[in-house]
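Take a look at this one chain, the form predicted alone, written out in structure tokens.
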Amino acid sequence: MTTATTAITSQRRPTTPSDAGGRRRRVHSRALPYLLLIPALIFELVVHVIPMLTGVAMSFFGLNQFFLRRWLEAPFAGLDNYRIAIDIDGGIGRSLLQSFAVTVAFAVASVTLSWTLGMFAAVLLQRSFRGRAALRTLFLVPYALPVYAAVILWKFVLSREAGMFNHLLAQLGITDGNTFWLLGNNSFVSIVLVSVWRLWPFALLTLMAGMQAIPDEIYEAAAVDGAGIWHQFRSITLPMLQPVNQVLILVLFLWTFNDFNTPYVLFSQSVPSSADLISIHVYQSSFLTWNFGLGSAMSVLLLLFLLVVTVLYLLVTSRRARRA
């Protein structure tokens, strides 16, 4: 009887201040991570979400130079801006399609060359040798430089009159030293060259980090079995770097496809047609012709394309990884 009375009394025991303080501390510890996320969420909302939704809304209105001062009175255009943008029979749609083709070629060339150079350098720096630290630092210099400073430097290097690139090619006997690298079809080669020079150190850094997770014992066992360097690279390095490559290639593609700084600084506003990337094309359609509704529609189409490509790429690579 005494034991039952004690149990009932303990169950009805009033809450003490120490118990309430412990409960408050537990609630505070659970809520603290969410409270710390609030500033980042507000920043993301202000910088990305609200401008993106505003751009989507603008694409449904005829917001042009006649409504800049009274943009709230811009007429509702519905899907007219999208029809104009994708109409390949019209001049605007045809130029957008050409810009899209140039951007695809630019992205494929930049990603392929950047990944190839990054992989070659990562394999070269994988093993320890004298001067490896200095060589690694030298390789990472392009990635450490500010974008505008690096592109302005390349603009000077590629200039026809005083450019060191023409002087070097003339000394090697490849050209006569009077080639225009920032005009005509050569501008595509120039923009790919600058993009690869800026991006391949990032590929190198990512691939080196991935190779650090591969145990040396696997390479030693393969060498004992008679596997050469190429066989080790094909059978060990590439398969074990598949998760890293999956993310790296996607990031490089998104960066190059959305690249605005490189063509804008390299060519200013007079971008040649062979280097007319879609980011510059959207900018010119918005801020040079003052047709913000049409420019917003082009931006939304670009966003949808990148979303579709990203989803398809992740689905395909995930299925291959599961099969392997």
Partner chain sequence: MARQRISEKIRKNTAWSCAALLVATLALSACSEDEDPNTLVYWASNQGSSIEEDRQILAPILERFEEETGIHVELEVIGWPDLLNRIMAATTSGEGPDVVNIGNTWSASLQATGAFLDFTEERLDAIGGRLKFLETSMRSTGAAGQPPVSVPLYGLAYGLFYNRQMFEEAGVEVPTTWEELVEAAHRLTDPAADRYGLTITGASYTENAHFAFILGQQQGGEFFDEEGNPTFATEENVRAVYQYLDLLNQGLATPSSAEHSVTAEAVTDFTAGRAAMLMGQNNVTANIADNGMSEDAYGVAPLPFPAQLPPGGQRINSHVAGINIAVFRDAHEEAALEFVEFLTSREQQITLNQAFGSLPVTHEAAHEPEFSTGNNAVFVDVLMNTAAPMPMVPNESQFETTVGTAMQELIAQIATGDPVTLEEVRQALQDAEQNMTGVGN
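Positions refer to the first chain, counted from 1. As the structure is a computational prediction, the values presented were derived from the model and not from experiment.
Separately, the form predicted in complex with its partner chain exists; it is not shown, and the next lines address it.
No residue of the trio R136, R198 and L277 has any heavy atom within 4.5 Å of its partner chain in the model of the complex. Proximity of S159 to its partner chain in the model of the complex: non-hydrogen atoms within 4.5 Å are present. W255 falls outside the set of residues with a heavy atom inside 4.5 Å of its partner chain in the model of the complex. In the model of the complex, R94 approaches its partner chain with a heavy atom inside 4.5 Å.
Taking non-hydrogen atoms only, F202 never approaches its partner chain to within 4.5 angstroms in the model of the complex. When you look in the model of the complex, the only residue of L183, I86, I218, V108 with a non-hydrogen atom within 4.5 Å of its partner chain is L183.
Comment: 69 to 77 is the region of 123 to 131, 204 to 212, 69 to 77, 234 to 242 lying near its partner chain in the model of the complex, near meaning a non-hydrogen atom within 4.5 Å. In the model of the complex, S268, Q269, S270, V271, P272, S273, Y283, F287, L288, T289, W290, N291, F292 are the residues of 261 to 293 with at least one heavy atom within 4.5 Å of its partner chain, listed from first to last.
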